[in-house]
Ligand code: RI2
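Take a look at this single chain in structure tokens; it is the form predicted on its own.
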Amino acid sequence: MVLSETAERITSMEIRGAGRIARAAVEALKEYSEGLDSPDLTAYKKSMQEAADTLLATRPTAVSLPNAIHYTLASLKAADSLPAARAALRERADEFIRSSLHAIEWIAEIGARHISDGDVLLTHCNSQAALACIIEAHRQGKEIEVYATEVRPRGQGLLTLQALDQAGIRTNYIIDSAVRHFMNEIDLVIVGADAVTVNGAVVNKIGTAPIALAANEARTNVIVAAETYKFAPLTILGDLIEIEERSGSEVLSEEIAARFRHVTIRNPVFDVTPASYIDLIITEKGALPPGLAYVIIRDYLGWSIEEFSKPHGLDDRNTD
């Protein structure tokens, strides 16, 4: 079944990156809907909500996932028949996937304006949005050089190296802990985001926060490239974004770990960078300072205050 396979691939990080996760989840919902044999509209909505819950459980930190699912399932509110509901979900899913892919193009265009000829950049993890800005600046003829981090423990930096090398961009590959050593050579840090809170703090791959701290100390600007669906509506009410912690076997093999009786391996996947360390957030709607993050949630994500108590559900409160 496509739904369960997609959920497993997201959980195992075979599908990684907030944008890719969101698009894969929406595509899985669409395919699940097409193959669903429901007797009536009520049963259909119930099954779709159960499918959504399966996907939502896979990666708790990436708010692109609940935002994408909320946007897709919201299409069912006005449906008055099973065929109409299925058609509405199909149309909304296709619309999300198209707009998500176009968002990267728009972010690249806006982000490239903030990269100057001769800049030395640093990027962390494998953000499609951040890489798009860098590659677009290079395509425009700007002479740039990039420092790319290793990104322990999964090594996503290798994917970044591949993308930059294919684009013909001169790149230095460094271990995560060498960032402070090289920071004085960096003109601009540009990273992606898995979530942006209402106060402009950014949740991103573990290691982003110390990079931003080092940049702040060195007076190096930090830009975050993030699609609007990565902004976290529930943080308006003070909810905290859950920081996913994965198996210690990603850090040390079980065989090696078994040698140590009193050691616990901690493996958080993300950290939180305060808004005070971020100079600008680039979205497909434009560039804004972190302090205006609430504008994106209010004006572009389509969440209403009534939905915050149960943001993904299709119960009576959300289907009137």
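This is a predicted model, so every value here is computed, not measured. Residue numbers here begin at 1 and follow the sequence given.
The form predicted in complex with the named molecule is left out here; the points below concern that form.
Residue contact check: residue 233 to the named molecule in the model of the complex, 4.5 Å heavy atom: Flag for residue 233 set to no.
Heavy atom of residue 192 within 4.5 Å of the named molecule in the model of the complex: Heavy-atom contact with the named molecule at 4.5 Å: present for residue 192.
Touches the named molecule in the model of the complex: residue 129 (any heavy atom, 4.5 Å): Heavy-atom contact with the named molecule at 4.5 Å: present for residue 129.
4.5 Å heavy atom contact, residue 204 to the named molecule in the model of the complex: So residue 204 counts as contacting the named molecule.
Candidate stretches 121-129, 210-218, 161-169, 79-87 - the one whose heavy atoms come within 4.5 Å of the named molecule in the model of the complex: Heavy-atom contact with the partner occurs in 121-129.
Contact check for 30, 45 and 48 against the named molecule in the model of the complex, heavy atom at 4.5 Å: No, because 30, 45 and 48 lack any heavy atom that approaches the named molecule to within 4.5 Å in the model of the complex.
Sole residue of 228, 197, 75, 156 within 4.5 Å of the named molecule in the model of the complex, by heavy atom: None of the others qualify; the residue that does is 156.
Stretch 48-74: residues contacting the named molecule in the model of the complex, 4.5 Å heavy atom cut-off: Residue within 4.5 Å: 59 only.
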